[in-house]
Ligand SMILES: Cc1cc2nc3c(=O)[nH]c(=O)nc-3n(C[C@H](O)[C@H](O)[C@H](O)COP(=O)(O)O)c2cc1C
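Read the single chain below, which is given as structure tokens and is the form predicted on its own.
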């Protein structure tokens, strides 16, 4: 055994949350720490060890402003649908709307935006196995990045709304046409106390053993 501190490791895994409202937009960010987190992220397993990824780290205020403009356009349509389907007494739903509103309104102020990219173009006719390889080759590294950021006092969120304007953002940042952006990760220090585990469905409802109809029970 490698002797991991299971208490700390389990707490990290159980409490690394999507952070929107608690991003501290005024706290300084150490780019050396962001680089360290990216180094750790690139240790993640990936398809055939091809490391077919690039990570675009956006810190320039003007570029962040323009990306935020595209994000806000996409969010306007998305939030209208979300509000229409969320009842006024749906407290979790209303909290989600309030949280996403804050991010959309303040994305330009988030000090670092990370755009992970796969070095292959997703196409409408791509076989499901190849599409799975494309995303499976980078998403473990994205989550590793978010975990590493958390250990250093940074919050992050996995967002995709800017992909409604993927080509425009690609042109803005010089991302090649044969590359697929897979997410936009806002990064900033987080404010307040630590995070708690979130409510989740019981394992018996989401995991099975040997057959879809056989719940994974004690």
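Because the structure is a prediction, the values reported are computed rather than measured. Residue numbers count along the first chain shown, from 1.
What follows is about the form predicted in complex with the ligand, which we do not show.
The partner is absent here; in the model of the complex, the one residue of 108, 122, 96, 117 having a heavy atom within 4.5 Å of the ligand is 96. Of the listed positions (13, 25, 208, 198), a single one reaches within 4.5 angstroms of the ligand by any non-hydrogen atom in the model of the complex, namely 198. When contacts are judged by a 4.5 Å heavy atom cut-off, residue 161 counts as touching the ligand in the model of the complex. Using a 4.5 Å cutoff between non-hydrogen atoms, residue 103 counts as a contact of the ligand in the model of the complex. Among heavy atoms of residue 17, some come within 4.5 Å of the ligand in the model of the complex. Stretch 152 to 160 is the contacting one of 152 to 160, 43 to 51, 58 to 66, 28 to 36, since its residues have non-hydrogen atoms within 4.5 Å of the ligand in the model of the complex. Along 42 to 78, a non-hydrogen atom within 4.5 Å of the ligand in the model of the complex is carried only by 71.
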